[in-house]
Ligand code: DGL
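Let's start with one chain on its own, the form predicted on its own, as structure tokens.
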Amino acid sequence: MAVGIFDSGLGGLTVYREIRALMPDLPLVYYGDNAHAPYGVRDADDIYDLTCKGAQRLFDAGCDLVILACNTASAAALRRMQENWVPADKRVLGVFVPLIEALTERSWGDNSPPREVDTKHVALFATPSTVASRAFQRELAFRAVGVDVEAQPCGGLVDAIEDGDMILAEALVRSHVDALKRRMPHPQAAILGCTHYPLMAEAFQDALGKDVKVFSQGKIVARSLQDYLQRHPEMRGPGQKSMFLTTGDPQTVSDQATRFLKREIRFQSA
């Protein structure tokens, strides 16, 4: 009954944490491609190849359903994977759609035509690859009309977070928010379009101002997954064991993850 969680590094642990809190008995297999992180500066073909390799490792670990808890992979690889690569008895899902459903106040899986929504001005903070893909705008257009999205590529932020340099990370958040607000002075909502960014949610909120509603993905994706598994119980894979896998050095990644989640996490080689 295991579910796989894929990320290019440690950011997906923010999604893992919320899924674990909501569904404590669900076995989870986490795969971090730390050897090739960050994905945000890679080209689409490279991201696709690496994401397929990681998803296959999770299938091999007994996961029939894999969550791409990496916005860059969701933006650059997911649709191509679903159309050309994912086996008929497996599923790979991204993290954009649950976030957009929350933003547009839709129920999970609501496929009705796009409609007017109250939120008209949205700031998107994401990696350069995610911004370049325009995947968020594409998925939003299927669900809402008349929404202006201003996207800010947040170069360097993932590296600072992974390195544990929170002083640099906070400075980068303020710099990126300032850059976006020069183009969109009064956003109504902000999307933290990378699973690393919830760790800096307070810094984003402070820089944006208290009147801006900030959306991050952990709790939203966890609730969406819970709903999906209730509707599709057959997608609980045969795996029974929770584990953490990495393409990087297991000891180094374990130490970083332990600091990340503030509890002991032990990775093993993928």
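Start at 1 with the first residue shown and count on from there. In this text, all values refer to a predicted model and were calculated from it rather than measured experimentally.
Quick note: we don't show the form predicted in complex with the named molecule, though the next part is all about it.
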**Asked** With the named molecule left out of view, which of V173, A190, C194, A76 would have a heavy atom within 4.5 Å of it in the predicted complex?
**Response** C194
**Request:** Choose from 76 to 84, 131 to 139, 180 to 188, 194 to 202 the stretch whose residues reach within 4.5 Å of the named molecule in the predicted complex, heavy atoms counted.
**Result:** 194 to 202
**Asked** Using 4.5 Å between non-hydrogen atoms, is P38 touching the named molecule in the predicted complex?
**Response** yes
**Message:** Given that the named molecule is not shown alongside this chain, does V158 nevertheless sit within 4.5 Å of it in the predicted complex, heavy atom to heavy atom?
**Reply:** yes
